[in-house]
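Below you'll find only one chain, the form predicted alone, shown as structure tokens.
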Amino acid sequence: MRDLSPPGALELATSIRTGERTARDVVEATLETLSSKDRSIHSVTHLFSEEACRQADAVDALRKRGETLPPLAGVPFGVKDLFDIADHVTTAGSIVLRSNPPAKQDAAVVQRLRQAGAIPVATLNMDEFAYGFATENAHYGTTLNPHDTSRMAGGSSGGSAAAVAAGFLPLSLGSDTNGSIRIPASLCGVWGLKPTFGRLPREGAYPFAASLDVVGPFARNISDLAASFYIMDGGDRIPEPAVAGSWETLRIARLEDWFADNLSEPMVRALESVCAALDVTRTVSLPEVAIARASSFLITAAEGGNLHLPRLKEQADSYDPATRDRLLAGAMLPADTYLKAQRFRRWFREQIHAVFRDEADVLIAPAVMGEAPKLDEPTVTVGGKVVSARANLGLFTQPLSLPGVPVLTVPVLVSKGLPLGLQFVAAPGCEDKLFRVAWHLERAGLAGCRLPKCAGTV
């Protein structure tokens, strides 16, 4: 039986490089898929049809002249609606910015992907100003989970995760402050990377909380994810999995205590199966995780509120009321509270650095408590109590935002049911260790993406 799953980024690039397909054909098919099928999940906010086709024609012209094509030549990708795309207004999921002048140039990571031949085709839906875990946007609508459209896609990069999960795009870009890549990657069942803080350039990505924000990719397989990361990192080559070294030499441990509570039964089984496959027998406990989560929340609220306060004084009614109220609350936080949170952050960073030095190379934890919550019943259970999902989906991601370490969301392959995702965590700058473990799990058939019913083909 012919494999009907959508091709990945590197597979598409190879087919274009060998002449099996043209870049124009790939881009036109992608745009048609987005136009005809996205209405089922609402992941797209704007298409760049003419520009994308012009860039595709340029790629095809290079090949006709016999020139060497770059590694992602002709590969379409989408960006969260907070990345600058030259000659277009960056709205960050809000109507507040729609009167701004168009961007003069692409965001830095978009430029690097373009230089590698990739072609931006769409901006993707998000929570307004990236403040949320649900991608319920008062201006542009709610993004739905491709695996069950009655459920949340997660956020704030929900459009980016959903478009990849649905097979509409092989790659997309998101941002992560407190879990905005990891949560939708988990709920939608795709690979997502929150890189080391400061490793990838953020120029041209609309900020939320400057001391926590990172940008990173989503993909349907780990090779595509790693390739896009290394290109955005400024590399001139894409390392092969075999070159990276064996996962078996790594010390891998499971985070316990805070990260072992409030889990659904399917998540418990998924965590246990992955740990068994990796022969994980040791556990690690991080200190004061509850305070780490609170500190991350406070820093985000204060920095986001401070950023938006001047505009809120003039255009408060243009904001989504839920976003507006949280930003105003953050702007009113006392400076002493913010400083205490930052001081705690330095201490917590030292603690997790000590763990990586003395106990483990890679840590494993759940990304969220379980499967995607229902849209009409947006709750999760924490400490035996039913609480708001929007406020608590970051229970496991927020503490790991604070120290600035790289975190890979691994989609666990389950025989049935909804997607589940785990966080794999490493020391700063050690994304390669995460990829080594991920490549093993993917080859072993324990991690990867399942195709939803609404899947597109390129």
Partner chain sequence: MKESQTDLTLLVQARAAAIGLDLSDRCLPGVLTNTELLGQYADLLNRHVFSDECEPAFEYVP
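Just so we're clear, the structure is a prediction, and the values are computed from it rather than from any experiment. Positions refer to the first chain, counted from 1.
Beyond what is shown, the protein has a form predicted together with the partner chain; the following relates to that form.
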> Of these, R324, H88, R112, R254, which has a heavy atom no more than 4.5 Å from the partner chain in the predicted bound form?
Replying inline: R324
> Considering A276, L309, V387, A354, which brings a non-hydrogen atom within 4.5 Å of the partner chain in the predicted bound form?
Replying inline: L309
>> At 4.5 Å between heavy atoms, only one of the stretches 73 to 81, 379 to 387, 160 to 168, 312 to 320 reaches the partner chain in the predicted bound form; which one is it?
In response: 312 to 320
>> Taking any heavy atom pair closer than or equal to 4.5 Å as contact, tell me whether P419 reaches the partner chain in the predicted bound form.
In response: no
> Taking heavy atoms and a 4.5 Å cut-off, does T281 contact the partner chain in the predicted bound form?
Replying inline: no
>> Under a 4.5 Å heavy atom criterion, is A329 part of the interface with the partner chain in the predicted bound form?
In response: yes
> Are any of the heavy atoms in M267 no more than 4.5 Å from a heavy atom of the partner chain in the predicted bound form?
Replying inline: no
> Are there residues in 290 to 313 with a heavy atom within 4.5 Å of the partner chain in the predicted bound form, and which are they, in order?
Replying inline: A290, I291, R293, A294, S295, F297, L298, A301, L309, K313
